[in-house]
Ligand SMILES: Nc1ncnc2c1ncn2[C@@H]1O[C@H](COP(=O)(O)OP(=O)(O)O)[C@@H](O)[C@H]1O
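Here you get one chain, nothing else, as structure tokens; it is the form predicted on its own.
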Amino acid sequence: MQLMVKYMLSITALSKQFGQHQILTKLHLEIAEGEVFGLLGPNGAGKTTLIRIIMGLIKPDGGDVLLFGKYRPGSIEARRLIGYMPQQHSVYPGLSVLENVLFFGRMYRMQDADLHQRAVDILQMVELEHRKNDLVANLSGGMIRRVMLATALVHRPRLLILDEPTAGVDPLLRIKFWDWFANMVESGTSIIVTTHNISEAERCRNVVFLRNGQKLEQGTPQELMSSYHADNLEAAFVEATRSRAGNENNGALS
């Protein structure tokens, strides 16, 4: 008996254009619950646009997006289920670490009794409980990234979207971040992550290769490397790109 897969995200024929530039072209994608899913692709591949559509910040020109089988992007229900950590700093330097976490929790209308305990717990998880009263302006870059992660998690999202979450952090902290991500998945949170770090991408359960707004390939890192006889995901991506370009050229000549 085959088990039914529960999809966290279902994307059908998604398209988006800005001016004369086609950013996404009839993209199809399904992401299962309970995993870390990687979006891999160069700048201009459509990753950020895709994330913004999933979050309901912009509307597609065509196609459909469904979260957890029933929610549309931008709906109140969907927004409460999503936590987002952008690449750019998104916390308030004039507030303390704790004040930032509390502020974001109140944005999600968390009750104060629950919020304060949750803030304590989440700051312990990211190892910042000893700096909770310090202004964010006085923290290092790596600590600020940890504050951002805490604010994205405070309302217990079912889906966590991470845009280059370890950009600019040292190797030891990068390892900690990915250990935290693994623990989150164990506790029921699904994660979508964009990264240019190939070693990080290989820790994802599944990845998709995006190029020019189109899906080249999707699968586990091991499946993709095996399919293209590659030693790493970067080489697999290059081969997938070459293969797609060759098929397009053959089609143009036929």
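Numbering starts at 1 and follows the sequence shown. If you're wondering where the values come from, they're calculated on a predicted model, not measured in any experiment.
Another form, the form predicted in complex with the named molecule, is not on view; read the next lines as being about it.
In summary, among the residues N206, Q214, T48, N197, the only one with a non-hydrogen atom within 4.5 Å of the named molecule in the predicted complex is T48.
In plain terms, the part of the chain that comes close to the named molecule in the predicted complex, with a heavy atom within 4.5 Å, is 39 to 47 out of 39 to 47, 225 to 233, 197 to 205, 25 to 33. When the named molecule is considered in the predicted complex, Q87 lines it closely, a heavy atom lying within 4.5 Å.
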